[in-house]
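First, one chain by itself: the form predicted alone, in structure tokens.
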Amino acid sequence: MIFHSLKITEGMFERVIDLTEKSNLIYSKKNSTGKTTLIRFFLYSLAYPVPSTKNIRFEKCITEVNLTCSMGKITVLRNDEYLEVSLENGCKENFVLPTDQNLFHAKIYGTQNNDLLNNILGVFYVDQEKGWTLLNRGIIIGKIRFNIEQLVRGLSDRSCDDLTKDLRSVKQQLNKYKQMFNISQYQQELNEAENNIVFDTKDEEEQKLLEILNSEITSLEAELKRVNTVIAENNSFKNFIERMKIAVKGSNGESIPVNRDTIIGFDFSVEFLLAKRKMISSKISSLKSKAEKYERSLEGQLQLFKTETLIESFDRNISKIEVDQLSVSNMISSLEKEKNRLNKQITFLTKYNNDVVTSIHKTVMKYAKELDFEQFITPSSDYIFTDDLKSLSGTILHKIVFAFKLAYIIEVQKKINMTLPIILDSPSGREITKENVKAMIDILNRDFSDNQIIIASIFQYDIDEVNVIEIKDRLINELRQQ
């Protein structure tokens, strides 16, 4: 892949950067002039979600990059999430980011291998902030990550997609169970605290009892209303009969007036209804007394909740969660075993009898001898997967990272049958000497003369056929022609 030019447009201003197929040095006499921004614009123009730099928001700019890749010579115009690719034959292809990012990268790099595509940026680009400490796994830039195991699987066509999917699922479950276990431990601490949290749900129980009481009161009040209605109707009936002055004939022919005294059982019926009304009223009174007691209690708890702190509220809510600590602990143990089993299987499939691993290690050893850090590299090819970076000084780590990158580039180029650019942001680290930088540049001149080199720095280097792109004040400084 070769970048030919990059046009950046920001509002009324623009700048066109022309590059050669060989070496290009983005140079300024002082820092903070836009060298890193320009480097990131190259990546941004290739659809990578790189973070903006100070004072320039990439999504507000339009980039137009001309490059040669596996699609041939193309022009890629990026306007925020929209990507338009113009081919040499005049055809155009459109992509929408981030959905089509992998599809676009598959076309320009000429491979459908996602393990390769996901890691290829970390192969040829070294960021000034994190790149010179990124050896074999970690963040390249923004949220874009690099993982050597995945890269090696991609280079050797050893897919572990199903296993990695299972591993991801197990890790997610494990994380959830660990959170549950932490909650159970916190509950235990609350239980053991001197001022123990009340774990019952008194307020809820009282609320339920209050609802039951109110329901009974409502039912009894309806019954009382019915009894009162019957009593009232009885009195009305009695008055009606007396007003009618009705009389009946007795057995001896005498006249007997019909009233409450002569109707058999009338007084008994009335007395029964009065007694029932008294009983219902008494029961309603008793229930209301109990209900008021619960209402006062609930009101008191409500006031308490209003004055409690967030921590007290959190503790009270946590205390209500039912967690079986033993079951959770057993589940964590089981998932840990499954995670280890999957990791071992993935590791075995990645490393065992893999020529790619051997080849990367051999290249690293070659440059280790030339850059004089051979003693820090173990003879075993497994070293390329090392996670022991703490024992390495700044200068040694800087040179090892450089050697690893070159080894990655060689292997990826063999796989995709295309040269990659080598983009280095600030190769002269704080502790790296001029002699070491010169040795690194000599390697690039000698072994990577077919690769396009793009370096950003405040230093000049002895690079073959170098094209110097100087940034004097501001990166985007030309008024756009209408």
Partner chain sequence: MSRNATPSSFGWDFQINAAIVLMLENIKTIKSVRVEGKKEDIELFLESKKNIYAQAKSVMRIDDYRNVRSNLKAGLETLNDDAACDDYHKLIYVTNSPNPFNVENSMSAFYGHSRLSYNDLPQSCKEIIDKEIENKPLIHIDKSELEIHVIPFFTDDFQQRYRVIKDSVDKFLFELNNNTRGMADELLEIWQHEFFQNCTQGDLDLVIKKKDLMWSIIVLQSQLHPEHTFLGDYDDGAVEEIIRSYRYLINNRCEKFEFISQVLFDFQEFRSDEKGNKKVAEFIATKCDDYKDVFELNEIRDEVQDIVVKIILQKIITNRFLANDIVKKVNL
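Every value quoted in this text rests on a predicted model; they were computed, and no experiment measured them. Each form is matched to the other, and the largest set of C-alpha atoms that superpose within 1.5 Å is called the rigid core. Positions refer to the first chain, counted from 1.
Not pictured, yet referred to below: the form predicted in complex with the partner chain.
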So in the model of the complex, is the partner chain close enough to residue 273 to count as touching (4.5 Å, heavy atoms)?
yes
Looking at the partner-bound form in the model of the complex, is residue 376 within 4.5 Å of the partner chain by any heavy atom?
no
Since only the chain is shown here, I'm wondering whether residue 230 would be in contact with the partner chain in the model of the complex (any heavy atom pair within 4.5 Å).
yes
Check residue 263 for me: does it contact the partner chain in the model of the complex (non-hydrogen atoms, 4.5 angstroms)?
yes
With the partner removed from view, which of 327-335, 280-288, 381-389, 93-101 is the stretch that lies within 4.5 Å of the partner chain in the model of the complex, judged by heavy atom distances?
280-288
Could you tell me which one of 181, 314, 348, 237 places a heavy atom within 4.5 Å of the partner chain in the model of the complex?
237
Of the options 79, 343, 269, 114, which one has a non-hydrogen atom that comes within 4.5 Å of the partner chain in the model of the complex?
269
Tell me, please, whether between this form and the one not shown the C-alpha of residue 238 is shifted by 2 Å or more, with the rigid core used for superposition.
yes
Rigid core fitted, is the C-alpha displacement of residue 372 between this form and the one not shown 2 Å or more?
no
Is there a C-alpha shift of 2 Å or more at residue 96 between this form and the one not shown once the rigid core is superposed?
no
